[in-house]
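Taking the form predicted on its own, here's one chain by itself in structure tokens.
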Amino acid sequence: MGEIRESVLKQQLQKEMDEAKKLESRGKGKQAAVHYQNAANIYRRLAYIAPRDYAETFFSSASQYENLGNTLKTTTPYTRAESTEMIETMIISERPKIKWEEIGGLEEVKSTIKEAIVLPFINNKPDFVEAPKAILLYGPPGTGKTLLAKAATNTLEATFFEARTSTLLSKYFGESSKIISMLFSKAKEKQPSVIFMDEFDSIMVSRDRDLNESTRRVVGQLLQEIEGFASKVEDKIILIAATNKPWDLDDAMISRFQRKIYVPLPDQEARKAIIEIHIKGVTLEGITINSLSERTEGFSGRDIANLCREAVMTMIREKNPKLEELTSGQIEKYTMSYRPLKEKDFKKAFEKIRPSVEPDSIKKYSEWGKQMGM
């Protein structure tokens, strides 16, 4: 009897989900909300009759679709004025101040990016020279992809749009594709422009996955926008996207990027350069930058920066033991004590800061690059 009941509920669930998705795809959010909430109720009924191991999953799905239903039922779309204001917040009025020399190592990567960003802005070039309009930076987290994009913008006299995922993925049904369309229209109006999209895989996930209709529309809209500006020679717009998970990207989107640049973990020379940047002004005693660079193999640039900060703070805590007890009046007059950084400072730092990138994942980037013919 229990199996029959479960089978009937799952059939009802499928009907509710199919109807909800159909209505959502047609822009009928409030009608879709009713069916999503019906689905949530069925998930709860399944949870009560399911084994304990599966009940939690059913309850979680019930909560997810109930929230989606409430969102579609109660929210209203942005006005055009609100959407325009949102796009304006993406414009960084002051160009990023990051310079190439402030990014340790990655000389080959920096050279490749410099070449790629300069070509589209050169007017007098032969017709057979193809300038890339879309550049994908991929690699492990913490390797400097965002810094590279900002340094690239600093090189150009261009309007810089930092298109955050949280802003592009609107909580209002159907609004994300409109926001993306307005973003590229604004970039065209303000050209020369650079659009930077970080965590690109969270927006451009593969359409082979089980996506809802609104997410599919976002993917489609972005594909359309990139195709549009990339095919117009006269438009001076560059899209720089960064991802830690290139294998999760939609295949059609990957093909839109004329340049795909791997940003690897730093080699020893790069690690030395990164350490020098982050301990600038500090004296070392009984330890060398060279020895630290050897010990940080497998560390990302961000890991090394965190390691150096932790070593500095270890020294500062020792020399200023009651720092946290200073009152607001004492802070202004306080002179901080310090000394050279020693082995013991880095020993404690190494205990707290470990490599954040798994060795196996590095192989995955290499295999993906070969698969893409790079």
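Start at 1 and count along the sequence shown; that's the residue number. Note that this is a predicted model, so its numbers are computed, not measured.
The following text describes the form predicted together with a small molecule, which does not appear among the structures shown.
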- Message: Given a 4.5 Å cut-off on heavy atoms, tell me which of 249 to 257, 143 to 151, 121 to 129, 281 to 289 is the interface stretch with the small molecule in the predicted bound form.
- Response: 143 to 151
- Should E102 be counted as a contact of the small molecule in the predicted bound form, where contact means heavy atoms within 4.5 Å? yes
- Task: Report yes if any heavy atom of V194 sits within 4.5 Å of a heavy atom of the small molecule in the predicted bound form; otherwise report no.
- Result: no
- Message: Please determine whether E199 contacts the small molecule in the predicted bound form, using a 4.5 Å cut-off between heavy atoms.
- Response: yes
- Message: Whether A116 contacts the small molecule in the predicted bound form should be assessed with a 4.5 Å heavy atom distance threshold; does it?
- Response: no
- Option touching the small molecule, based on a heavy atom within 4.5 Å in the predicted bound form, out of A50, M313, A305, V34: A305
- Considering A163, I237, I179, L106, which brings a non-hydrogen atom within 4.5 Å of the small molecule in the predicted bound form? L106
